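Heads up, the chain below is alone and in the form predicted alone; it's given as structure tokens.
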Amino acid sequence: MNSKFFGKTKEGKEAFLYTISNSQGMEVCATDFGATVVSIFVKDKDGNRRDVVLGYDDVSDYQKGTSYFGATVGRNCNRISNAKVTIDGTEYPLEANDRGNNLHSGSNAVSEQIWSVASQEENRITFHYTSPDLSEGFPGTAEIDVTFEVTEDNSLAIHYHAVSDKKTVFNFTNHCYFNLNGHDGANVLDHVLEIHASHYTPVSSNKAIPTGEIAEVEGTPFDFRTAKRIGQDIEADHEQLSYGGGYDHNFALDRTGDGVEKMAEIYSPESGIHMDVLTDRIGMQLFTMNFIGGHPGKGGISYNGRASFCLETQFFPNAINEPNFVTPLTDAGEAFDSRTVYHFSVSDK
């Protein structure tokens, strides 16, 4: 495995960038800062390599950034209303870092820490982090592992494993911002997306907290059951789209079993790159990089609004506080395991 110095954090800690690959030419670069995916190199329809995720050139920029590019997000991804959780009658206050709510567990969560390398091979790396009791407000000392593997079928397979000594919230995701034309692509509005979801979770306001309703997508801009351009309905006159300036919503996936299933697929006509998303999670957040413009990234590229999309696999947002949603609680000593796979291929369609 290749590794190289990736800079120092503002606290003076060294970060490193690790490259894993397969024999087909696919490469993934990940840093121990936040167990973060920095680059994914895959071949396009002409055999040229493209880096299909947005990111930064060194760790200092990741610390300055506010968009969670490529980060492992936890202990709880997405939002928790009123920045507090109650577990077995005890209330735990969290950081209110998003309009009075908690977003992605706070400003000092696992996405902002240096992880250790637990194991490494040519095509696989496991990062480990010990999250102390009451870290960012969550109960229990948690031992967390994230494994990235580049498989021979050109997939990035992600495995999350965590155990806590107290009942706690575990709801991890990866926050890659994808552009299948390359991270320097103009936008993703012509990407063709299909999501296997007949329902989504509407939000109550521009604070992006779900109402608790699991609503049908039929007849709304959120119907991606038949593949369509991301840009087809993104400017539609719909209250939910006005809250987020585009898509920033959770989809309730049409699962058929308990294991890893294909839940979404997306294709770029320009590059010919096709990506499937397979997961064992029940929800997936579609985010279209709204309200972000002139954001400096890798190689001096300026990332503008809608220059990428995120498909974040998860429990539903605010599930810990919403009785209508499946809870993200994990008992003390119980192992939390979750898997998500991003599979890449070249398509002629």
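No experiment lies behind these values; they were computed from the predicted model shown. One rule holds for the numbers: they count along the sequence shown, beginning at 1.
Below, we refer to the form predicted in complex with a small molecule, which is not included among the displayed structures.
Note on the interface: of 23-31, 65-73, 299-307, 45-53, the segment with non-hydrogen atoms within 4.5 angstroms of the small molecule in the predicted complex is 65-73.
For the three marked residues, 196, 262 and 342, no heavy atom of any sits within 4.5 Å of the small molecule in the predicted complex. With the partner omitted from this view, the residue of 248, 149, 112, 145 that lies near the small molecule in the predicted complex is 248 [heavy atom within 4.5 Å].
Exactly one listed residue, out of 277, 157, 94, 103, brings a non-hydrogen atom to within 4.5 Å of the small molecule in the predicted complex: 103. Residue contact check for residue 177: one or more of its heavy atoms lie within 4.5 Å of the small molecule in the predicted complex. Proximity of residue 79 to the small molecule in the predicted complex: non-hydrogen atoms within 4.5 Å are present. The closest heavy atom approach of residue 285 to the small molecule in the predicted complex falls within 4.5 Å.
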